[in-house]
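We give structure tokens for two forms of one protein chain below, kept apart as structure 1 and structure 2.
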Structure 1
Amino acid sequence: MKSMAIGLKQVRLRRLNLEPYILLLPSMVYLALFFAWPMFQAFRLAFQTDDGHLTLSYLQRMFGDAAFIKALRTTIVLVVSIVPIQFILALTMAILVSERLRGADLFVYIYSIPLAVSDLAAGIIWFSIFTERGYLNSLLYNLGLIQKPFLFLDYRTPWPIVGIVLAEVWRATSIVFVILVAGLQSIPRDYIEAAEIFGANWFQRVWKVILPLLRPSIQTALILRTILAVQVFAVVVAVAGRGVTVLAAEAYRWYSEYRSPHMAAAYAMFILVISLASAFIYLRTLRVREEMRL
């Protein structure tokens, strides 16, 4: 009887299979300490006064802030501009690399170079291009196209937004590119070759075979890049200074300049809501069927 009980216990342990949970434990502890707990503290600051009473006054003050609408509008414009451009460029580069052309491996390294550049450094680089005495004005002047420097970063013109979009596209397209390349490498070549045998041209192979099988990677890339675009901050500050404001910049100013962590937390919670909403939309619209995963 004792041996039978030991055997039943071992069977239960095998069924329980604690190995995956043990492997996930360090990640769960890390997420709890550095993400869940700070998020809880931010929620507490956004909805609680210093004396511990629940309130919505900070959210009301945020929505009534003069800079809120401007920051929200600029953030939306940047997301709508940056994400489609980056996705199209990254998808084009990834498909070209997957065609196994000569020197394709070198292209991967070249396309991935901006990954090593921080967002602040990228903003400074593009500021040096667009500033009054920057590289672009110097080039145009030496070519005789202008007689005096052009104010590209004048906040009254759309050029600062253009500079921010170019800086973000240059800096972060490689993130989407790496994800899509990894997804393309997981697609069996047999599917593409079979479509070619049945007479599908290059566009048909991309549209009918590659893109449907690439949907999980597209979903991941769009979610990640949209969330990062909503949170864009350093590039905006480096390129446009205070002339252009976004939600993340307002959260920073309320915390560092106006000394109001409650308002900064309210802005942070609003950014979190937008990020979660965008992720939910992508998960619903780009849902991957189980048979496609198999």
Structure 2
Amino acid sequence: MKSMAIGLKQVRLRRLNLEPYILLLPSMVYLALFFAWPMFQAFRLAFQTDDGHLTLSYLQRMFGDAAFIKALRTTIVLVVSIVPIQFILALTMAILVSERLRGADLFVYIYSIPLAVSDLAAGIIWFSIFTERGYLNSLLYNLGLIQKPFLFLDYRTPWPIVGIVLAEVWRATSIVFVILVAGLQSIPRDYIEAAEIFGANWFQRVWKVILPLLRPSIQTALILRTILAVQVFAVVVAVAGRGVTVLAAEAYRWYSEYRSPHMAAAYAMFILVISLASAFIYLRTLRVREEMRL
């Protein structure tokens, strides 16, 4: 009798296992303090004056700001050019390294180096290429294509944007690549072989089997990349200086130079809205239906 009672008690204890919750607690507290709370505070900063009145004046001021339109336009241009280029390039890279070329491991390593490169360093590197006496001008001159340096980084031309796009594509394609390769490796080889047996050629295999099965990875990669591209910052400043502005740079400027946390928070809120909206769109359009998982 006694041992049975103890047994029952143990069963009940087991059922109310607190262990996982205790292990999760620190992270939940931390994220509440340093993630959720600041989000909420950003909201308050953007919509509340210092003496506690709700207001839309910061938002109105932001929307009326001449720099806002410019920053928004540039940010959008950057996102819609960077993300697709990165995706196609990364998919090409991922398929190439999956083809068992000799030295594929070395290629994987090289392709993932930029993963560790900071956006500031990438910006400086591409600045060294595009600047007046930079490597690109030197190359063009040595090839006899130009007589004197071409001012690539003149903000009245579209060239600084091109430089930023190249720097971002150079730096951040790796993350898409790694996510896609990991996804490719998790696709059982049987599926591709079955498609092959039933007559699918290479393009059909990629299009009809690999890409659909890769959808979760594609979704993750696109969401991640779009959100990072929306807040692009240091690269822009390093490549193009003050001539080109983006949303995150405006947020920085309002905080550090014009000393207005409210305006900076308004910009941050706006970035948040764009990010969530784009994530939502990806989740809807690339939805992976539950029944399609095996």
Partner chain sequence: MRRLAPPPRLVGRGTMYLMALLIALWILIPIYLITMAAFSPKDVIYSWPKSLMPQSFSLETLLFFLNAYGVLASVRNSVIVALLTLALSLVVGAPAGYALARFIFRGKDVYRLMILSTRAFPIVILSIPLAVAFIRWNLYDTVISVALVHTAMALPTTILVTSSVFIGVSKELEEAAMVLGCNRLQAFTKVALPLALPGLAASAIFTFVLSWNEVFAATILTLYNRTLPAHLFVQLAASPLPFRFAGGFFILVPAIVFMFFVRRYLFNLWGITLK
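What we label the rigid core is the largest C-alpha set whose atoms superpose within 1.5 Å from one form to the other. This is a predicted model, so every value here is computed, not measured. Numbering runs along the sequence of structure 1, starting at 1.
K.L.:
May I ask which of the two structures is the form predicted together with its partner chain?
P.N.:
Structure 2 is the one predicted together with its partner chain.
K.L.:
Once you line up the core, how about residue 256: does its CA shift reach 2 Å between structure 1 and structure 2?
P.N.:
After core superposition, the C-alpha of residue 256 moves less than 2 Å between structure 1 and structure 2.
K.L.:
Following rigid core alignment, is the displacement of the residue 64 C-alpha between structure 1 and structure 2 equal to or greater than 2 angstroms?
P.N.:
The answer is no, as the C-alpha of residue 64 shifts between structure 1 and structure 2 by less than 2 Å after core alignment.
K.L.:
Once everything's superposed on the core, is residue 24 shifted 2 Å or more at the Cα between structure 1 and structure 2?
P.N.:
Yes, the C-alpha position differs by at least 2 Å between structure 1 and structure 2.
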